[in-house]
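Next up is one chain by itself, shown in structure tokens, the form predicted alone.
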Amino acid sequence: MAKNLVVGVDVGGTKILSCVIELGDKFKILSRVKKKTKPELGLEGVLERINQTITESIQESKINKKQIKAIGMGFPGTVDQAKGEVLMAANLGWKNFLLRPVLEKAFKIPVLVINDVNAGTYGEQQYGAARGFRDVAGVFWGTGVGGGLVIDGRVIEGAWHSAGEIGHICLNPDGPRCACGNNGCLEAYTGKAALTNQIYQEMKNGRPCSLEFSEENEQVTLKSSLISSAYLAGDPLVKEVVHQATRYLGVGMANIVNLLNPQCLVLGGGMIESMHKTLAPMIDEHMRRHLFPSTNVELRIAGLGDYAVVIGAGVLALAEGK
């Protein structure tokens, strides 16, 4: 019986991960290669690094390239999946670039390109925390708040390829400015950049905090691990800011559930990975306060970690290639 061998790729603003994966009732990672993205190299430079990462993952797997049925790539930003076109990737500076034909020409293998959070949500629905559910919403809390939708077993892109952008649900039209240009988005209240700014401003106003800032790094977004360490150590300011963020996140998630009525909501991302045992119950409580009374959505913590995007993209690429 022929093996279902695919390459799954996760392209982010800071790293590129490529894995050769064997898909069946379970998945098996045959190789893993990770490189820095280096967006400062520009489009051509990043594209070369993507090609190198894929090539090395195939070489490391010891698999003949002819046995690989498809390449699936999760990409950060707005993606037209049907065309394989990156419409906008702000962190990389890409706009209206037809990525799919370039990769297919380079590797002579069918390629699928999809938004990375959609891929991650689909990976969790296929092999992770939401396996067995047909209707799933994914919420990934990190630098921003990413969202993905799988309805009736299918990834939903929407007419303009940006469905599921939970981070840009408006909670308050007079609220803080969001990176997207609008005001009062969920991300403007809960993303790591927002939390960093809140903590920094409170420290400037004289609130004590165990975290340290300098003039050189005051605009740098704190890593999840630093926020987590301060939170778990009991820093009062950090706990206050994070607890407020869980309230806003719960409200945003309730809006998604009330609108789409999924069976399962998968919660992941850097802020959750290190503190889910503490924060998930709070988020769940805040969400349920705002749910339609008859709703009984199941909240689950993402289980695939770094592999969610590569697996989701790989499974979708395989399905499209059949």
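Residue positions are given as counts along the sequence shown, with the first one as 1. If you're wondering where the values come from, they're calculated on a predicted model, not measured in any experiment.
The same protein also has a form predicted in complex with a further copy of the same chain, omitted here; what follows describes it.
- Taken together, the three residues 182, 255 and 295 all lie with some non-hydrogen atom within 4.5 angstroms of a further copy of the same chain in the predicted complex.
- Shown without its partner, this chain lists 203, 163, 211, 102 as candidates; in the predicted complex, only 163 has a non-hydrogen atom within 4.5 angstroms of a further copy of the same chain.
- The contact with a further copy of the same chain in the predicted complex, taken as any heavy atom within 4.5 Å, belongs to 263 out of 31, 263, 278, 52.
- Listed stretches are 234-242, 194-202, 152-160, 220-228; the contact stretch with a further copy of the same chain in the predicted complex is 152-160, by a heavy atom cutoff of 4.5 Å.
- Using a 4.5 angstroms limit between non-hydrogen atoms, residue 172 touches a further copy of the same chain in the predicted complex.
- In the predicted complex, at least one heavy atom of residue 247 sits within 4.5 Å of a further copy of the same chain.
- Interface membership of residue 35, defined by any non-hydrogen atom within 4.5 Å of a further copy of the same chain in the predicted complex, is ruled out.
- In the predicted complex, no heavy atom of residue 69 sits within 4.5 Å of a further copy of the same chain.
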